[in-house]
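Given next, in structure tokens, is a single chain: the form predicted alone.
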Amino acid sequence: MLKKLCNALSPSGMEENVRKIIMEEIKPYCDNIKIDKMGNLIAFKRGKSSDKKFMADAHMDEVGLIVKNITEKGYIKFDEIGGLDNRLLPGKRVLVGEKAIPGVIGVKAIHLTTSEEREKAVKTKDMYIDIGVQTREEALELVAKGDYISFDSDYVSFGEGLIKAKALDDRAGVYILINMLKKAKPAYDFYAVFSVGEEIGLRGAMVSAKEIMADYAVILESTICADSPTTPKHLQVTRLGEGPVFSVMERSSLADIDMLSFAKKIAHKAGICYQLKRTGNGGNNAGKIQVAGRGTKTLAMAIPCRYLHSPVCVISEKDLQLGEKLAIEICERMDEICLEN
């Protein structure tokens, strides 16, 4: 299922491809499913108690590109959707528009660059996409301005339990949320939100949070993994294979201290290893869910991901499995936090 989710082409604004897959997977396990005006898919599963509302969120969209212009010779000029690392773009394969026209991101040949240019990352404005045509007219028969562009990056299992794919941010979270609906017996009424537009400003979460007005929420994400050989151990934000990650502080949110303490206790009781994110950089839908309406107690739980916001994200199957197990435990035992507070 994760392979199917990752291979779907769904940059921000084009989430319907992933939404269709999710709908097929969750239909038998929900009491109600709706799609709101923003495009968020909201699934409801009745809990053992309706005294409180519990919400879990994972965003459907991925970083990508969009057609900005087409040159006279048929090359595509593009802009970014979300916070891409443009150092990794040259030479990458892409799929353009609804027809998924194959192309490759090109730059000036290295033989034609100056020594100064070779020392700097190429800017997006100096890149283009080659779809193999000769003229603007030929290109316009295949693509148009405003077409979405996704990375053409195969899902691959490799090494010791690792996965490489595009869009693991946040298809890993989507995968966990689907399995929560399938497997969990929620303590409280459970709202599973598959949200849109996270990569361009947490937009979907802003709307769904105001509608649901949950008492508690867990945001399921992928987060920075900095365990590269050039990074000192004390600066490694998270490490692959050491379990899911709790965020204490992000640019847009603070973890609720009761939720964080509760989640740690659940992890200890279940024998699940976890990590604390060692930086305040980054952001996720907790930023909007936390402050919606009368406020919601939130916790961001993420899967460590190398090369985040690139066509070649890498995660550990172990982290994914532990993240799923912990998310289900939290969902089934949310009533225990009320006994503690």
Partner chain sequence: MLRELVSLYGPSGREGAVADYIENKLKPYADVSRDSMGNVIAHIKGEGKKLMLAAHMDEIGIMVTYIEDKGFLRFVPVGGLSPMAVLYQKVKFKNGVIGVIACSEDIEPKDMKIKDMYIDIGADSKASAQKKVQIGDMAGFYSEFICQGDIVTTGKADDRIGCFMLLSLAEKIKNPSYDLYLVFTVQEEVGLRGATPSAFSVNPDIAIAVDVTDTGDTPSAPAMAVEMGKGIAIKIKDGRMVTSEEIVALLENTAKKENIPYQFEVMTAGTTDGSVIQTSREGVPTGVISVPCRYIHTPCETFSLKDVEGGISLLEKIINKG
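Positions refer to the first chain, counted from 1. Predicted model only: the values in this text are computed from it and were never measured.
Not on display, but discussed next: the form predicted together with its partner chain.
Can you tell me which of 244-252, 67-75, 187-195, 130-138 lies within 4.5 Å of its partner chain in the predicted bound form, counting heavy atoms only?
Heavy atoms within 4.5 Å of its partner chain in the predicted bound form occur in 244-252.
Position in contact with its partner chain when the complex is considered in the predicted bound form, options 156, 213, 104, 144, heavy atoms within 4.5 Å:
After the contact test, the surviving option is 213.
Using a 4.5 Å heavy atom cut-off, which residue among 270, 100, 235, 121 comes into contact with its partner chain in the predicted bound form?
When its partner chain is considered in the predicted bound form, the option within 4.5 Å is 235.
Should residue 294 be classed as touching its partner chain in the predicted bound form when contacts are defined as heavy atoms within 4.5 Å?
Within the cut-off, so yes.
Does residue 152 reach its partner chain in the predicted bound form if we count a contact as any heavy atom within 4.5 Å?
Contact with its partner chain, no.
Although the partner isn't part of this model, could you tell me whether residue 256 comes within 4.5 Å of its partner chain in the predicted bound form, counting any heavy atom of the residue?
Output for residue 256 is yes: heavy atoms within 4.5 Å of its partner chain.
Any chance residue 35 has a heavy atom within 4.5 Å of its partner chain in the predicted bound form?
Because no heavy atom of residue 35 falls inside 4.5 Å of its partner chain in the predicted bound form, the answer is no.
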